[in-house]
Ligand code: GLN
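Take a look at this single chain, the form predicted on its own, given in structure tokens.
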């Protein structure tokens, strides 16, 4: 099924201090997409693919990390990237694109976006395609099924159908570990969840955060088990884009030290992150 590519602006300039706004506007001259010395945060060496915008590639829907609500794209990842956009004095703009083009680095290399924030696990393979920020979220794979289905683990799916999402670590995990199971591949999470809900498949595998969020409303379904895959999410940039990567890492660290990260986490997950 083909998906349309859409752009959703998240206009944040109105909430910036007047001085920062003036400085941001001063940097929007004939810079060819490059922030000027007067840009917010003084990040003059950060070059953007679209002038006055921090363009983010993501694959919708991936609630609560990124999804559409009231005509805007909102979510945990969106709020984190907004911290970077506000520092630069620009708007964040979301590009919805198939996940395979994100994790392969193709979208970044083609100048489709400045960064990729898509609930994306840092892996050795992906690190060959793009540069990752410091980890900002921990995840693991989980299994979703209808209550009372008898699906409790991968072994109980023998001879049955399991929904997987193309290009994801869940897809890789199922290929390696789901023996005698028919894997049914879907382009995005929304299609995968619909397949589970309508009975096209017997279960689905994906990251635990999005599945637990979904069953809050779909109470006839449950997360039956988790698999200890020890994954960490990172924000991706084009290989060699050191200036933007350093700015992203700066804001991840500052958000965690200031308590802003906990605030954003609780907003989207309903609880504070577990401390270690």
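Computed from a predicted model, the values in this text were never measured in an experiment. Positions refer to the first chain, counted from 1.
Same protein, other form: the form predicted in complex with the ligand, not shown, and the subject of what follows.
Distance criterion of 4.5 Å from any heavy atom to the ligand in the predicted complex singles out 126 from the list 161, 146, 126, 112. Residue in contact with the ligand in the predicted complex (any heavy atom within 4.5 Å), chosen from 196, 85, 108, 118: 118. Proximity of 79, 137 and 261 to the ligand in the predicted complex is absent: no residue of the three has a non-hydrogen atom within 4.5 angstroms. Of the candidate stretches 87-95, 68-76, 167-175, 148-156, only 167-175 contains residues with a heavy atom within 4.5 Å of the ligand in the predicted complex. In the predicted complex, at least one heavy atom of residue 99 sits within 4.5 Å of a heavy atom of the ligand.
In the predicted complex, the ligand sits within 4.5 Å of a heavy atom belonging to residue 231. In the predicted complex, the ligand lies within 4.5 angstroms of a heavy atom of only one residue of 45-77, namely 62.
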